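Quick setup: one chain, the form predicted alone, written in structure tokens, and binding and motion questions come after.
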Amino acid sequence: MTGPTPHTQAHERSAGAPLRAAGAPLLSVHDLRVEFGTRAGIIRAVDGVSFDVRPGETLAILGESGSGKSVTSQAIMGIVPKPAGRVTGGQIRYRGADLLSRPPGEVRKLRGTEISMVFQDPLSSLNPVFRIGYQIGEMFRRHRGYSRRDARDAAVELMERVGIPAARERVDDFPHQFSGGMRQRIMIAIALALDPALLIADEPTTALDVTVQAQIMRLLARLQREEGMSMILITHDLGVVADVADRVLMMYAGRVVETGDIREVYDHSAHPYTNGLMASIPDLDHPSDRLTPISGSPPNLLDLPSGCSFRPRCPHARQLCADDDPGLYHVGQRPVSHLAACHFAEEVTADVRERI
């Protein structure tokens, strides 16, 4: 039996749920820059990243480990590890107000109530010595003044909502008594406890088997639709977001290299990095096809190559790529906004058309 490929999933997602582009952005990140000081030098983990997330929209941020996607989410949440890390530039506007210029206490109040986050390792995020019901209920006790009994009832309701069987019987269990997939559902319940307008899910399916990954992604998609909240999905796996996201943002070496409507990017990828990631995904419709991995390794952020950071791994690289670091260019004549940081974007897109 064959299943949908990321290509067909993105096509179906776009056809069934048009891009939610109306209205002002809920979140607007502009020219964000984050650095980490190390003994070897300064690492620019995020280098001029910009994007918007509109109400009810799901944005997927993709890239290999070290691309800067998780650090971007940490900056939005105001939890960049200190003292080594610091935001050195840019703006993060939530409902029009710049979070970077607001007092830390005000930003802390937004966490959980307005912006919430699901981390990739639920076992390390959950406290092993407290019962699950207590940990979920703490959100209601601390922020809404619930009694212990009311908070426990609210925890059971949330556990049921995220699909944990026999929630009332399991509300007093400890984290180690749940499977990895169930622990991730608990983290999602905690993140949604106070009805945030924006949910950030950082690698929510890491270390889960394929079946559980699909269950978690379907759960997130359902909750997003029911609540009408915005969502940022951070992952290295194009397949897991193909039927969930509205738009996609590809990151490489701390920068945005391609962004656009998910169907447009999947069907007409215009950056060699995106193209390479697409070519390395197994296609269940053509299981005999050989995968084509991207050659080389991600660059050392302490010693980036001249010009385009992807140049040493790029099959389209020429002298211009070494001499000039490309900005984001509009790709094609289509009405959707599709941008790629490549001097030869149209050539790359033509290769994709031949592959399809």
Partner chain sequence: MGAYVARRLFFALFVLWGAVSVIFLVLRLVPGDPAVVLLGPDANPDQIAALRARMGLDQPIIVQYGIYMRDVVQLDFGDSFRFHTDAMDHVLAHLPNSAQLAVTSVCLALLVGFPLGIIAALKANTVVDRVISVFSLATQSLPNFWVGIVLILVFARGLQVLPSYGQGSWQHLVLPSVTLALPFLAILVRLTRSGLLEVIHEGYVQTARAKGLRERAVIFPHALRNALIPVITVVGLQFGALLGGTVIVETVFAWPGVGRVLIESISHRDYGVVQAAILLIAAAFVVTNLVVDLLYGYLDPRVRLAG
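Note that the coordinates shown come from a computational prediction; the quantities given were computed from them, not determined experimentally. Residue numbers count along the first chain shown, from 1.
There is another form of the same protein, the form predicted in complex with the partner chain; it is not shown, and what comes next is about it.
S.K.: So, Y134, H143 and M187: all three within 4.5 Å of the partner chain in the predicted complex by heavy atoms, or not?
M.R.: Every listed residue reaches the partner chain in the predicted complex, so yes.
S.K.: At the 4.5 Å heavy atom threshold, is P128 in contact with the partner chain in the predicted complex?
M.R.: Looking in the predicted complex, residue contacts with the partner chain include P128, since a heavy atom lies within 4.5 Å.
S.K.: Is K82 close enough to touch the partner chain in the predicted complex, meaning at least one heavy atom pair within 4.5 Å?
M.R.: Yes - in the predicted complex, heavy atoms of K82 and the partner chain come within 4.5 Å of each other.
S.K.: So, S124 and the partner chain: in the predicted complex, are they within 4.5 Å at any heavy atom pair?
M.R.: Yes, contact at 4.5 Å.
S.K.: Report yes if any heavy atom of R218 sits within 4.5 Å of a heavy atom of the partner chain in the predicted complex; otherwise report no.
M.R.: No.
S.K.: Pick from R95, R111, R168, R222: which residue has any heavy atom within 4.5 angstroms of the partner chain in the predicted complex?
M.R.: Residue within 4.5 Å of the partner: R111.
S.K.: Looking at E203, E138, D153, D267, which has any heavy atom no more than 4.5 Å from the partner chain in the predicted complex?
M.R.: Only one option qualifies, and that one is E138.
S.K.: Taking 4.5 angstroms as the heavy atom distance cut-off, pick the stretch from 251 to 259, 236 to 244, 203 to 211, 73 to 81 that is near the partner chain in the predicted complex.
M.R.: Within 4.5 Å of the partner lies stretch 73 to 81.
S.K.: Which of the residues spanning 208 to 246 lie within 4.5 Å of the partner chain in the predicted complex, based on heavy atoms?
M.R.: The stretch 208 to 246, when checked against the partner chain in the predicted complex, contributes no residue at the 4.5 Å heavy-atom cut-off.
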